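In the form predicted alone, a lone chain appears below as structure tokens.
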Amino acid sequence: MDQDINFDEIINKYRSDPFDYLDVVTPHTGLVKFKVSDGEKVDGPSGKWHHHPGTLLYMINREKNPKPIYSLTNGVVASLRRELEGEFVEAGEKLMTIQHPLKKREIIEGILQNVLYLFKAPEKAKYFFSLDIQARLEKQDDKAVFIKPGDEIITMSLMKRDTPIYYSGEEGIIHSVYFKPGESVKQGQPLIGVCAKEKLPLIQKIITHVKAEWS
């Protein structure tokens, strides 16, 4: 992470385009029937456990087996490919994009993922902090757990086998945690974000600035 990071450039990027764009693609082949229109507002899952599905986006029918596909986030439908209505499509076909307005927390997290060192999942598996790291996280103040290369920090659980994962990034403090223990994480997804101690003031400056500017 560069101490001379262009802070204004990062902030201006979010000022000009405070959105995330989620492409909606087909999970398998089938006939498509849309349930939304371009420009329509949609909602993501709701409820304590996200047990209420989001807005119904489309149905895909394969071998007389219709499958409903719901929105995974809130936003507005964009770039809807209306020409595919009633057509047979292949798996992975892009049907539309959901333009999702970023919340303050999401803007902060997006910026941090650009400036922290991200330690990523080596495989698709379930992950847990090592007993030592978990104990330190529970005992010490937030953002006070220091790690260095070679430390055993995480256990990977795959095919009923637990494998210790040793840290291989720059030394620093665990600033952000991106996984929930015991939940499956895709390969390449970040597990933790690490910040060098001397860079903490810069991180705090970013967070304070975003909180002040975005409602």
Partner chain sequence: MDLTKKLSPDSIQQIIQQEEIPLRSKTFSLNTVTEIFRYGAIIGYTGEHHDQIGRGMDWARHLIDKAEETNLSFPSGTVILADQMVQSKGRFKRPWHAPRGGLWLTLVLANTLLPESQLLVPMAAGIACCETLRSTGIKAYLKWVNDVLVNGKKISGILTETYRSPRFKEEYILLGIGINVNNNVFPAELSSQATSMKSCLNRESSLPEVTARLLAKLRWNIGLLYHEEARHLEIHGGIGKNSETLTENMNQDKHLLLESYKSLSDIFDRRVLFGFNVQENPQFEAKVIGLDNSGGLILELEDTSRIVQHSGEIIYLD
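Numbering follows the first chain given and starts at 1. Predicted, not measured: the structure shown is a model, and the values here were computed from it.
Another form exists, predicted in complex with its partner chain; not displayed. Remarks below refer to it.
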**OP:** Decide whether residue 37 counts as a contact residue for its partner chain in the model of the complex under a heavy atom distance cut-off of 4.5 Å.
**Re:** no
Original post:
Would residue 189 count as a contact of its partner chain in the model of the complex, using a 4.5 angstroms cut-off between non-hydrogen atoms?
Top reply: no
Original post:
Does at least one non-hydrogen atom of residue 62 fall within 4.5 angstroms of its partner chain in the model of the complex?
Top reply: yes
Subject >> Partner proximity in the model of the complex: residue 128 to its partner chain, non-hydrogen atom cutoff 4.5 Å >> reply: yes
**OP:** May I ask you to choose, among 158, 177, 31, 56, the residue with a heavy atom within 4.5 Å of its partner chain in the model of the complex?
**Re:** 158
Original post:
Is any part of 151-189 within 4.5 angstroms of its partner chain in the model of the complex by a non-hydrogen atom, and which residues would that be?
Top reply: 157, 158, 159, 160, 161, 162, 163, 164, 166, 181, 182
